[in-house]
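Given next, in structure tokens, is a single chain: the form predicted alone.
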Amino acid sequence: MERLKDKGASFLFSSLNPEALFTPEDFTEEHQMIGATARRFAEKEVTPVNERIENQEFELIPELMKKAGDLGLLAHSIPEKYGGLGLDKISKGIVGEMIGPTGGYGVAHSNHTCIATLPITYFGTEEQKKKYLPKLASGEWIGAYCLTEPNAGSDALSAQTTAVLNEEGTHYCLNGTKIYITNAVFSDTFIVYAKVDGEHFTAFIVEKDAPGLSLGPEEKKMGIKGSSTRSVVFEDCLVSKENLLGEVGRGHVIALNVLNLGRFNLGSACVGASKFGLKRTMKFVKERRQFGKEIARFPATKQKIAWMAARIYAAESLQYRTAGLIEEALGDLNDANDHRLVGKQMGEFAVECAICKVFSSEVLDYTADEALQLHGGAGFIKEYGAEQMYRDSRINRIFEGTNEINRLLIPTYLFKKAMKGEVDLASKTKEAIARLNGSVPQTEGTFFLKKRQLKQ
């Protein structure tokens, strides 16, 4: 496939080359294999114990993660030299999609493989990578990501957790509280953001046994009950200076750019959950009979199913198009030591990742709502599964930055590029207005759409 040369957000103002877009039809045999492995794992290992996971038998999650690690499903984005598979970002999206329907387990899995592991993968020292990545790749250790605080949510850089180097110069002393931390109860490593000397926003790798680290009680959540969510408290918590991640005062480069990949990852999970919801609903409407025939034959049912399928198709297209872009940006940087270059490339397609998160999470919410509606009264009953999908879907519009914040990223990013002179926004605006007024000749041609089936 021809590699794209466009920069981030260029789809807003540049002509489109359909042949350069990555789609599921471009999957390699390796992509198909990792997808099949992930799907079998979800169906055979996770789904049969879903009720136990929903009942918060948290000891199941590490067991399942270890099994996933044995299959390579935690290692796709970790270089081979550190115990990973070193696969491309398309594989990352495929695994995310297949794990997406597994509710609370899927949240734990995706959090671990993305925002809890990638900071070390891309910004860790050689020693940090050798120490942590093999264990995270195998599932021997599980990771968590600690950014949100009581007074720092969308405005993450207003964090109040502090880090002060001790007099001996051997350890940083951390004080503060992080809230809503996924995987907290069974995590071995925590990526923690604190301000050195109360001023310089910086990242640290903190192990669960660090003196001064404690956990709050389990949060009682509306959905994703199978994922652990707790506060992580630091009271004079001692962290070796060797566990400083990246540079002092450059934690924002790690925090914000890793979240870009987190948003892409979340979009993949939402697509997988949406496909699963559609499949389950199709089965129900073909079996449920009213007025002497299957409700699948009623026009209103057909309309709902059609809209669900169309939106899922669009979300899937968006996800894999973005996967191709991210692979272009990061595919050859697994072993890069230039953290500034890595940060720049991770942020190049921030707009596309934000759109993945917003659109796919809203498609999932739409699908969950319509799935429940088509189940009728059965949709409100636990055994049919629609009610769990409905509850679990809602968090995705809040995770990884609210959809409102992500919507603001799109014009902000474009205006920043214009201010830097990277985009002549004035001329592009005039050109768009002229086209809308019909004063510019339109290029004739055909956009060939590849045939695709929704896979799930």
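What you see is a predicted model, and the numbers here were worked out from it, not measured in a lab. Numbering starts at 1 and runs along the sequence shown.
Omitted here: the form predicted in complex with a small molecule. The next part is about that form.
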_Exactly one residue in N111, T281, S77, T202 has a non-hydrogen atom within 4.5 Å of the small molecule in the predicted complex; which is it?_
N111
*Check each of L425, V49, A36, I405 and return the one that places a heavy atom within 4.5 angstroms of the small molecule in the predicted complex.*
I405
*How about G376: is it within 4.5 Å of the small molecule in the predicted complex, going by heavy atoms?*
no
*Answer with yes or no whether F399 is in contact with the small molecule in the predicted complex, where contact means some heavy atom within 4.5 Å.*
yes
*Do I395 and the small molecule share at least one heavy atom pair within 4.5 Å in the predicted complex?*
yes
*Do H252 and the small molecule share at least one heavy atom pair within 4.5 Å in the predicted complex?*
no
*Tell me, please, which stretch of 382 to 390, 148 to 156, 205 to 213, 267 to 275 lies within 4.5 angstroms of the small molecule in the predicted complex when heavy atoms are compared?*
148 to 156
